[in-house]
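Next up: the same protein chain in two forms, each one alone, written as structure tokens (structure 1, then structure 2).
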Structure 1
């Protein structure tokens, strides 16, 4: 009997709270999908400030690991699922998805947004037909980190622009297997966003490219063979144990624990490496530009994580309010005040780099700015190429191609295959994918 009364009562209670309470009737819920990187976690934490300023908007977070996020977002947007109102995407997705009209264009800015303050190469990377489709949350290029103390010990003078052969020589000198210090740490974990990011810059700077102007893959070319041989030899001789399973995060842990003499990777790691709470090498950290070989072109990459609004969202205005808030000068200032200036999302605005407090807290600031400004996705290879992107090829097939080739490069790294065999397999697989997609006959 009790249950019989309780059920309708509960029903009435639920009814009255959903229909009668005024906030629920007006509030719009924004579902924000983002990646679990440090900077985004901070954004989630600070978003209560946004909710206070916009009482009519409720934020709901979906925070996922990069690969999983990418899968969820792609399936959602391609099937017009409409689960999300704000998506965190990268330089790779933005132009491709914009071309398919999956994203809402973003050109009428709020008055105080100061879009001219955004770094041009970064915004260009997120645009299609000259219109931006995503706003940069943070951006990165790549650079070389090294241990000043080890270099001094070995009597090495860092040059203005290190070259890869020099790096190889230095790696032999600074490594110390007894103390578990590897000469150099580099990405080895397969994936288009993992090892291939570094490997592609290495190929670029050796004078290679992914495709010729007729979209014929050139992975078995001389430049690729040289670059991959160099990479495999370098890591096998002077790299850490198990290099083929180290990605960005693994290498970050290794370097900040003092296990690597050098590391060539994203500029966004600088803030963490420089923070004495997170890194044992904060006081011995040196910076240099990413090494070059034959040509400086495409030797360092350009990437940004950006916020975009899917065309399927039915809360576009609220979503725009949120993404302009999260990428604004005020937001950056707020992170600086509350979390410390090294934690500021880097690489998006000139004003961040003009800020004295940031300059003071982050000695690497100018370095990063310079690297981002110099990277040119439209001209990253020695011979002309039909694609845009420094460490990526801006076509939808690249996810698949990059992953397959990444697997082959990892196989060459572990000695499972010879470099020649790995590259000829990679060439064949890439050719098949391009044929299937109709680029070549």
Structure 2
């Protein structure tokens, strides 16, 4: 615990003497907006340690569901609303918001912060013009989780690199409706960061892309049609009831309670699934690379949830003290000691993966690290594309485009319209957006 407290004090000294001043007359309040994912809930729970070490800083939390958080933060920062001092954003927002000068730069880290320990691909994804604008809290790729006991009962042997056709066959064998077990769980809740994260990797590996090199959308292409038909058929035949309402957290709950034979989603779920205190399948859990189809390119994503300071904040020094504390080696060690080593924020620091306690508790550690290193946002599609991002398109318009297309895909999943109609509508809507934005005429 002493180590956990030592860094913030050093950090504040590097950023501001005002915050450390013993003569500070009153406490400064930081409003922290974050997503309701497990790692952030732990951060909120442990943040009393930060406040105890910083009696001149109070924390106020705004914890929201992913889609709602993004809407609130985007509105606030675009209007210079100033409601928040620390924002939880991701690999998509950081470079775009930094270019618009909506975020405070973070190039003056404390000496003890050990920035060289941060994984370079993750930091690069949060940077603009070579300068970081957010600090990674945790990072992830995607992978496949499966129930080893169900596979054994069904006589299935996991392959070194599973394919989506294999997954479909396996899902039919391991599902058990009488016991409430679906063959496979996948994201169905609409949103560019929900169903479209998984769906875009499915399109990538089927050989599709969002845009050609002239920024013409290709959502009604053969590759998209194959991928979405496969996705809809797979979930309708072997998925859980109400799949269109399930995002990351809902599927995590289903899988950890033994209700899914397989699940393809974020590597960051591994720690919770391997924790016997939180998962009924901790002793039955197997893992494998994310499935592929026509090409391995873009079959697994790269993402980081990170902490940033909006330019509108009036408490930037205190905010820097908090985000350096929450992303430090010492914070990770504190989580390991208090919550268990499978619960530490993954994917951000080399030292996490060199830690013997983490290696012993997390058999997936090296697998996850390699998946993060292999995901390439600059080469994620079979044909060339004009954008960066594996499960995202790194342009400001993608937030609305991705959510709108996600709603169309969800409508196809629920049977409100055919896949062909959904993709035709999505193509027209996306083309209209790109014309208005000036990408195409």
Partner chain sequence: MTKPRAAGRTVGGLRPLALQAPAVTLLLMWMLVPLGMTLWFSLQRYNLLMPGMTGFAGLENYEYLFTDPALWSAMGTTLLMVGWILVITVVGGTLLAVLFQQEFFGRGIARVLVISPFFVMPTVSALVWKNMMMHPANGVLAWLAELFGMQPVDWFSSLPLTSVVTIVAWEWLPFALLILLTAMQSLDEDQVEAARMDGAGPFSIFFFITLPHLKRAISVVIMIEMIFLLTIFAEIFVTTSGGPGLATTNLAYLIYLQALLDFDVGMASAGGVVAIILANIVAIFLVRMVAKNLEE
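Numbering follows the first chain given and starts at 1. Here, rigid core means the biggest group of C-alpha atoms that superpose within 1.5 Å across both forms. Note that this is a predicted model, so its numbers are computed, not measured.
Matching each structure to its source, the form predicted in complex with its partner chain turns out to be structure 1. With a cut-off of 2 Å and the rigid core superposed, residue 320 has a Cα displacement that reaches or exceeds the cut-off between the two structures. Annotation: Cα of residue 216 displaced by less than 2 Å between the two structures, core superposition. After superposing the rigid core, the Cα of residue 130 is displaced by 2 Å or more between the two structures. When the core is overlaid, the C-alpha of residue 308 ends up 2.5 Å from its other position between the two structures. Here residue 55 exhibits a Cα shift of 6.3 Å between the two structures, evaluated on the superposed rigid core.
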